[in-house]
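The form predicted on its own is given below as one chain in structure tokens.
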Amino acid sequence: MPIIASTASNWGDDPWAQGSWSLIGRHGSPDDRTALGTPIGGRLRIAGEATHPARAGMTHGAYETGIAAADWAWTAGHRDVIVVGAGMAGLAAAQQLRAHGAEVRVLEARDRVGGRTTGVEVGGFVFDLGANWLQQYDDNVLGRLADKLELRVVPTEFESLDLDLEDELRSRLAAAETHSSITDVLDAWPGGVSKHLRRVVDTAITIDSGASLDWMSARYGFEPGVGEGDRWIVGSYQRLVDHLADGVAVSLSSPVRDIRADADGVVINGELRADAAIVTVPLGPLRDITFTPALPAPHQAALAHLGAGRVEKIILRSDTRFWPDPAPYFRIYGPEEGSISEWLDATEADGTPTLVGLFAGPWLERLWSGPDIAARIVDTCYPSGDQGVPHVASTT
């Protein structure tokens, strides 16, 4: 195939992400998100998308928790604050603290800012390998910032495969017993799970989670927000990240392994002292930090009930438009049960034929193993000839 440039994410193996975004397991509820974000002993607070009870998994949810944590620190009298993590929550907290007049230092494990938002140059144009959409646009604080910065945004909507069946699925999940998983509900489905229902589950849940249906909460795994008024940022989140990072003192390549809190303040990695700390790293890296004293029981329970799935992204640039479907958004289902990809035709970004694909499910293990990911994906999703062509479902 005439691929002139490509790149792929690998959030599942990224040590500073360990997954794509936070999800609620079968023993959890949104209360766990609130518990995780509750201040600890007056000197420490955890923030980030995983702590937002209504906007989890979204950049503006992360941003809002960063602002809230900064206001908490200032109101508590802390004038010297260390922020751990330079993603959306961390940058929001740092800017808010600076606006209050506090001294703030940001420690970032990566060699860049942005966290799970990252713009990369692919064939002469910048695309997002992480967060790409502004969700709930009309009620999105970052949407207002995008308006101010005059970013170009394009409304997108992946329509339901079967809205009536999806509504029934949502109703049955919401009525499930406490601690039931999504699999438990499907196992009890009258008449069994048809291939069509399976694909409705994949389009409504799998691609928005990338997690095991055995693990995900039936009642709370189907969280609100995603797919509501989404707008794609042409040219990536990078301008938002650069704006939020402007003027912030960030120490890159500075992973935090140890946080000790006492009556006088906090000590990071045994050497950096401040009045308080705001920790904004994702769930996986958060579990890798040693806290002294240990996190309170409600915070530990929340960490046990929350997790992250794996959704990966591929960007393909071509000298010709080789994909057959005329719709700007479409889906391709993989040969393994539960495998799905959603595609955005991003050619209008600069006129070069471009596809952005999101992948979830078992075939990730095969497609994302080793080099030449782009070639494997093209051969799998767009094979020449008729044999082995995956099912394509279009949306308009």
Ligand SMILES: Cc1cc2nc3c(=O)[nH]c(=O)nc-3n(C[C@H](O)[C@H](O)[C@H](O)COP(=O)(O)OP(=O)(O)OC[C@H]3O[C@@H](n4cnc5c(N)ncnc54)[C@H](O)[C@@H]3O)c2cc1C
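Remember, predicted model here, so these are calculated numbers, not experimental data. A residue's number is simply how far along the shown sequence it sits, counting from 1.
Not pictured, yet referred to below: the form predicted together with this ligand.
- [ ] Identify which of Ile182, Leu244, Val81, Val311 has a heavy atom within 4.5 Å of this ligand in the predicted bound form; exactly one of them does.
- [x] Contact residue from the list: Val311.
ask   = Out of Met58, Ile340, Leu355, Ala70, which one falls within 4.5 Å of this ligand in the predicted bound form, going by heavy atoms?
value = Exactly one listed residue reaches within 4.5 Å, namely Met58.
> So which stretch, 85-93, 147-155, 187-195, 208-216, is the one near this ligand in the predicted bound form (non-hydrogen atoms, 4.5 Å)?
Replying inline: Correct option: 85-93.
Please tell me whether any heavy atom belonging to Val201 falls inside 4.5 Å of a heavy atom of this ligand, as the geometry stands in the predicted bound form.
Although this ligand is absent here, Val201 would stay clear of it in the predicted bound form, with no heavy atoms inside 4.5 Å.
Counting only non-hydrogen atoms and a 4.5 angstroms cut-off, does Leu97 reach this ligand in the predicted bound form?
Judged by the heavy-atom cut-off of 4.5 Å, Leu97 is well away from this ligand in the predicted bound form.
message: Using a 4.5 angstroms cut-off on non-hydrogen atoms, would Arg116 count as touching this ligand in the predicted bound form?
response: Because a heavy atom of Arg116 falls inside 4.5 Å of this ligand in the predicted bound form, the answer is yes.
task: Check whether Pro255 has any heavy atom within 4.5 Å of a heavy atom of this ligand in the predicted bound form, and answer yes or no.
output: Pro255: contacts this ligand in the predicted bound form.
Using the arrangement in the predicted bound form, list in sequence order the residues of 116-134 with any heavy atom within 4.5 angstroms of this ligand. Those in contact are Arg116, Thr117, Leu129, Gly130, Ala131, Asn132, Trp133.
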